[in-house]
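Take a look at this single chain in C-alpha cells; it is the form predicted on its own.
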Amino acid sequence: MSSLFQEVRTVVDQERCIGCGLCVQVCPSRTLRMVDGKAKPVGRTSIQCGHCQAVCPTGAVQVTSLDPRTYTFATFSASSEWSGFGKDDPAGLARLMASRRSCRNFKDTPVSQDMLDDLVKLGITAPSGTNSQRWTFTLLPSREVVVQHVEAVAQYFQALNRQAESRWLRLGMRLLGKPDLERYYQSYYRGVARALRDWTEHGLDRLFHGAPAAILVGSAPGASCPAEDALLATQNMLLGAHAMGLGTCLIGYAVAAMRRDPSIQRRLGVPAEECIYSVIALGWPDERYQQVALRRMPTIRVAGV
C-alpha cells in the first residue's frame, strides 16, 4: 500500500507570495504553513497533489515533481485555465458519456503515436488513491503488435477450453471446492470456442475485433487502490477517445488471460510485479449511430430514510 509520506517537493517563491493563505487552506497533508505572513513548506509530508500550485494566484508555488509535459497535447490544444465548479455544460457531458459505445468494427487506418500518447495524458487526469499515480500504460501501437497479443491470448483460451471439455476434470475441481472451471464451461466455453475457430480457420478476430491498436492499463506496486486507479484512468481514456474520433472496446478476456498466465504480459515487456486491470482496443470506428445509448435502471438506495 502506498504511503502518504512522500518527499516534500513543494517550493514557494517568497518574493511572489502575497500571503493570501489559499495554498495552506487547500493542502491536504499540511505541507505548507503561514510563517511571517508568507506561505512556507514546513511540513514533513506531502502527497504531491499540486492543489497548492493550482490555487496560487501569483504562480509563487510549485511542486517540482509535477511535469508540465503531462498537460501538453500533440493532437489538440487545451487551456490550462481551471474550469470552475458549475462552469461546464452538464448536458454536453451527459451526451458525451452516453454517446460512448463499445466499438467492434474498426477501419484498417492506423492510430498515430501522438494520439496514443495524448490518450495516456487524458487518462492520468483521473484521481488516484492517496495521489499515488502508480498507473502504467503499455501501448500496442500497430495491428501487427495487436495480432501477436491476440495469438498469445488465443493460445491461453485454447488450453483452457481443452481443460473445460473434460467433464471429469470439471467434476473433480467442483468436488475440491473449485467450481470456476464448471462456471466457465457453462457461461463462456461455447462462445470462446466459436471465436477461436473464427481466428484459427478464417483469421477473423473476435477477441480484439480487428482493432489497429490497443492500450493496457495497469499499476506498479505501491498504489493504495490500484484497480480503482487503473479503471478511473481507463474511463477517462474511453471518453477522450470518443471526443478525438476514435472507437474503443474493453477486452476483458485479455485481462483474464494475463491474470492467469503471466507469460502473456512478459512477452509485452510488462514486469511481473505489475498488474493489468484493463485492455482497451481502439481505432477509427467503422460504425455510426443515431441516438445515445440507454441503460437499465440500477438499484438506487436512499440511506437514513
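Numbers for residues come from their place in the sequence shown, where the first is 1. Note that the structure is predicted; figures quoted are calculated from it, not measured.
Same protein, other form: the form predicted in complex with a small molecule, not shown, and the subject of what follows.
Here is the short version: of R170, R134, R100, K121, the single residue with a heavy atom within 4.5 Å of the small molecule in the predicted complex is R100. Listed residues R104, R183, R174, K107 were compared with the small molecule in the predicted complex; R104 is the one with a heavy atom within 4.5 Å.
Contact with the small molecule in the predicted complex, defined as any heavy atom within 4.5 Å, is confined among 65-73, 41-49, 249-257, 263-271 to 249-257. Remark: R295 counts among the residues lining the small molecule in the predicted complex, judged by a heavy atom distance of 4.5 Å or less.
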